[in-house]
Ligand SMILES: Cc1cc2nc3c(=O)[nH]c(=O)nc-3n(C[C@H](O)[C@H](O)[C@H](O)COP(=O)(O)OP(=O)(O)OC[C@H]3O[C@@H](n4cnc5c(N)ncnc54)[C@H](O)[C@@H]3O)c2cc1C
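Only one chain is included here, represented as structure tokens and corresponding to the form predicted on its own.
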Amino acid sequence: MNQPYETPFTASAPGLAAATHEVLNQAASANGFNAFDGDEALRELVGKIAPWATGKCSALGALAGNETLQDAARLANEFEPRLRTHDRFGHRTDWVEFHPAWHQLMAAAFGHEVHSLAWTTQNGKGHFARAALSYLWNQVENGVGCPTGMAYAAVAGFTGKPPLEAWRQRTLAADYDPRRLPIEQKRAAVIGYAMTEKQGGSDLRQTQTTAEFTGSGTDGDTYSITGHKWFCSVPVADGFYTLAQTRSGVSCLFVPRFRPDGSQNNFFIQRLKDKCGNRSNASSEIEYRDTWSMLVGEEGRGIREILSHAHLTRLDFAVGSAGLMRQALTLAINHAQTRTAFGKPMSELPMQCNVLADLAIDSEAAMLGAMRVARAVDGMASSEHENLLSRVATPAMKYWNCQRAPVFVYECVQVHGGNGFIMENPVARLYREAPLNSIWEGSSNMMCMDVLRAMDKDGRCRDALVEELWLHRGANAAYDRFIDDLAGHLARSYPHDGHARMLVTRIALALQAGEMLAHGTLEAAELFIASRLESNGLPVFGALPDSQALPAIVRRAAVIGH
């Protein structure tokens, strides 16, 4: 008689399995912290510049360490948006389905005024305070940072235009309303942008989409648009800024999802992009066919109109990349402090401590540089210096922070070892996300071109930059030598010969170094200058000069457990 097969793991199997699967020496979970309260550098800066925003920042900072919201970020990226062009009866719907976690995240971000605080506050330094919120939100989920940033910039286009006042009011609402309804029936609005076309990329002058004038009335000048757009993120938004060729050239138009009579506008989603990162956020190709729209600004001046919005989104990407870097640093330090190697916490191993300290000063400099640009935006209307500085510093800081983020996150992945390369680990998601901001709203080359263009067009921009850097003279001899040499280069004619990145990198590092001297610790500022500005600096993390301050720099940057 045949005996049934029996596994050798019978009575003793549970005990043996438990013994072989006992979990030892894994890093502690990164939750239960406040990304604002525990961030000394950010908390001190906000306390100096906009103390009234401290409570708002603390409330949002708690979300970054909230386990439930962290899991929502994971779910929103794992269960990606799905395009539904038709319903089950065959009606064209052109809609995108999101996992509930996406809506949970959107409600949290919009409810905490990440998109609107700059425009709604009655206190000073609104753009600075709003940048602090965006910095914190980018430590929660970067995909939602796209719609919050677009809404922030969109208000600039709505302001002062009576036909768009209803859109302005609903865009400013600290609320999220995902229902597909005409704007008059909604509590709040989400705004998108559809600019890029496949033949032109960043060269918006190559726009092939056309728009025909259809009349004037209570909605202002209206047009019928026909064309195709290659990139349109958040295609379920309530309205979209777009560009089209009109009688007078490229013009800026606003496309609501519904026409004034309440019927659905002709806005057709062709497909969703299968992106490397930013998976939670839907990006699409869309088509206009006799689509109803309203003129924004002057006909034929559409690129100029859009650039006034882009100045704000570029600031937001400089801030967003700094926030992404901060999240990666938080995860790396937490891992290194709670996992041991060779008999001690990894963070105490000399080489790892050097790497972590190097990452910490880079993260702080990225934050301080971006927040200095936000302060300049606050002063654009009232200060010539701030206005001129903003025109140079915004593209410079957008270029450098976005350029720096991928290599920064790569180093943070290394801190985690193999665990960091597994998609269950949030740092792996950041690794895929990090390159994107350098592409959105102008690539690195375009940002460098804009810096040169600003100084070529108005020499006062160069003068304002040098004046800004000279504010910190006398605090560090190496800094003085660097900015004197840089000022000499800027005073001379600089050819557009392919070396713009070298010049703009030096500008960005000088701005960051000045802010480190003004707002960082002396030890961190001196190490930043020695490793970034002096000629013997090496382009690799973990090459800081000897300093007894390295462990203290790491401890200061450790948000968790603070």
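Don't overthink the numbering: it's just position in the shown sequence, from 1. Small disclaimer: the values here were computed from a predicted structure and weren't measured.
Note that the form predicted together with this ligand isn't included here; everything after this is about it.
Considering this ligand in the predicted complex, the lone stretch of 188-196, 73-81, 466-474, 155-163 in range is 188-196 [heavy atom distance within 4.5 Å].
441 is the sole member of 450, 358, 441, 378 with a non-hydrogen atom lying within 4.5 angstroms of this ligand in the predicted complex. Just one of 295, 324, 331, 436 comes within 4.5 Å of this ligand in the predicted complex, counting any heavy atom, and that one is 436. This ligand is not shown here, but in the predicted complex it comes within 4.5 Å of a heavy atom of residue 232. Taking the partner from the other structure, this ligand in the predicted complex has a heavy atom within 4.5 Å of a heavy atom of residue 446. Interface residue remark: residue 283 is counted as part of the site for this ligand in the predicted complex, having a heavy atom within 4.5 Å. Residue contact check for residue 124: none of its heavy atoms lie within 4.5 Å of this ligand in the predicted complex.
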